[in-house]
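First, one chain by itself: the form predicted alone, in C-alpha cells.
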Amino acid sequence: MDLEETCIESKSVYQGGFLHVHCDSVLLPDGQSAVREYITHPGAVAVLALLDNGNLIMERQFRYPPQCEFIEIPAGKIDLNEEVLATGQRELLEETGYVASEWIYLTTSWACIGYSDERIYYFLARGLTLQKQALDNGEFLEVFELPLAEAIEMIHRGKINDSKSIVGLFWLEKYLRDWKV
C-alpha cells in the first residue's frame, strides 16, 4: 500500500530566526487532497554527559512556552552548516563548561512528527573535563550532577518530564546495562 503524500502547493506562513511554518496542500494516496501545517527546524543535539564518578551533568532552566522550570540533559539546536557532533561539543561547553574526550553516538529521534521535522541526535560524552561555561546572551540555567538511577526515578515521579531528556536517559540506561561499557 502506497502511503506517501505528494505536495501540490506549499506556502510559507512564518519565517523566524530558526523556525519556519508551512501550510501545504497535499495529494493523499486515495487521490483526495488535504492541508498539512508544519514547522521546519534545523535539528538539535542532546548530550548525556557522564562523569567519571558515574553522575550525569544535568541542567535546570525555565522554559518560556510552558511557563515552568525543567530538569534536562544538555542540548541545543544545530547551527547552519554545523556538523552534528560539533553541535554537541559546542553546546556541552557553552551550557555546562565541560569538554569530553570521548563521544559515542546513541540514536536519533524525531521530536514531534505530527507537526515538525525536528530531529534530535543523542550522544554519550565521557572523559569530561571542566573548563569555563559560556552561556548565550539571555540564557540562564543551573548545572548540577545527578546519578543515572536518580534521574530515572525522577522520570517515574514526573520530575523529569521533557521528551528529549526522557528519551536520552532511557537510551543511556539501556546502553550502559546491555552493552556494559
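Position 1 is the first residue in the sequence shown; the rest follow in order. Only the largest set of C-alpha atoms that superpose within 1.5 Å between the two forms is called the rigid core. Here the structure is a predicted model, which means the values were calculated and not measured.
As for the form predicted together with a further copy of the same chain, it is not shown, yet the points below apply to it.
Enquirer: How about Asn55: is it within 4.5 Å of a further copy of the same chain in the predicted bound form, going by heavy atoms?
Expert: No, Asn55 sits far enough from a further copy of the same chain in the predicted bound form that none of its heavy atoms falls within 4.5 Å.
Enquirer: If you check in the predicted bound form, is Val26 within 4.5 Å of a further copy of the same chain, heavy atoms only?
Expert: Val26 belongs to the contact set for a further copy of the same chain.
Enquirer: Is Glu145 close enough to touch a further copy of the same chain in the predicted bound form, meaning at least one heavy atom pair within 4.5 Å?
Expert: Contact check for Glu145: no, nothing within 4.5 Å of a further copy of the same chain in the predicted bound form.
Enquirer: Taking heavy atoms and a 4.5 Å cut-off, does Arg36 contact a further copy of the same chain in the predicted bound form?
Expert: Yes, Arg36 sits close enough to a further copy of the same chain in the predicted bound form that at least one of its heavy atoms falls within 4.5 Å.
Enquirer: Who in 10-35 is close to a further copy of the same chain in the predicted bound form, meaning a heavy atom within 4.5 Å?
Expert: Going through 10-35 in order - heavy atoms within 4.5 Å of a further copy of the same chain in the predicted bound form - the hits are Val13, Tyr14, Gly16, Gly17, Phe18, Leu19, Val21, Cys23, Asp24, Val26, Leu28, Pro29, Asp30, Gln32.
Enquirer: With a threshold of 2 Å on the C-alpha, tell me if Val21 counts as moved between this form and the one not shown once the core is superposed.
Expert: No, shifts by less than 2 Å.
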